[in-house]
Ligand code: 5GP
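Only one chain is included here, represented as structure tokens and corresponding to the form predicted alone.
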């Protein structure tokens, strides 16, 4: 039996907003991953089933391996279609924010969000949510925002999912799968698999979802993977840690595109005795985040993973102003790659043991 984890007051308030709106916008974070896209698109499918108008707005583009997701082709990319996105947000009487806990995580779109006077609902699973929404449904212990969306709708309908299209269930499953590394971390409790069973009964082809996400990379990505492991990976056995980084020149050599780095940070954890893994890559500063970059044209994306009782979220929060979950966290550094690497090298010994 799936338990009612969300308090009744929050469920009632969210239900009032979702059922009472006529035109909604769903927003999720920059460089949206499977959980961001899954939760946003699932809310859209739910609202449309209720007879509402709904559109998903993303700050910048999603990776190519998520383009197959039901409804992904109709999302509005704020960087590419700002006028249409602004118009949709200004017409909306409800904004649903999924998979982010602060307007900073949606770049320049955050300023637009805060300027809107319509009702706002946050559905998120990250620590320390900002109180910018009218209703905040925040469960940092939840492995994915998609599972939280599912649970909210489950409770709204008194423990029975309404007759929703398979597209909704597929989006939920995608987020749950990707945010747990195909159920390899933060996923060791029975209720998650009750939900997965419900999703499969609703028509989700879990094998097809897996293949679409994990078996759709180009050959250059496989060559990049080999290069990282052979040429770039450093092991610090006394601290059970692995580290590797890529600059833009190296990424260009392998025709890098968004999503090619997905899962790379997990690979060193397959090495016996390695509990922590850190991967950095050099990226450009997008228009939507220029106000955060302090004039820097370079952004360093930091991804960290760990196993068991070896947290990485504290390190990411303290050193790179990031955060996330105990075993899956990240951050960003605006400046040269060398500076970000030095920050890691100067501090990892204090945190990893």
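The structure presented is a predicted model; accordingly, all values stated were derived computationally and were not measured. Numbering follows the first chain given and starts at 1.
Omitted here: the form predicted in complex with this ligand. The next part is about that form.
Using a 4.5 angstroms limit between non-hydrogen atoms, residue 63 is distant from this ligand in the predicted complex. Taking the partner from the other structure, this ligand in the predicted complex has a heavy atom within 4.5 Å of a heavy atom of residue 301. Within 4.5 Å of any heavy atom of this ligand in the predicted complex lies no heavy atom of residue 44. Contact check for residue 70: every heavy atom lies farther than 4.5 Å from this ligand in the predicted complex.
Contact check at 4.5 Å (heavy atoms) against this ligand in the predicted complex: all three of 105, 324 and 328 pass. Interface residue among 169, 221, 120, 126 relative to this ligand in the predicted complex, by the heavy atom within 4.5 Å criterion: 126. With contact defined as any non-hydrogen atom lying within 4.5 angstroms of this ligand in the predicted complex, the stretch 76-94 contains no contacting residue.
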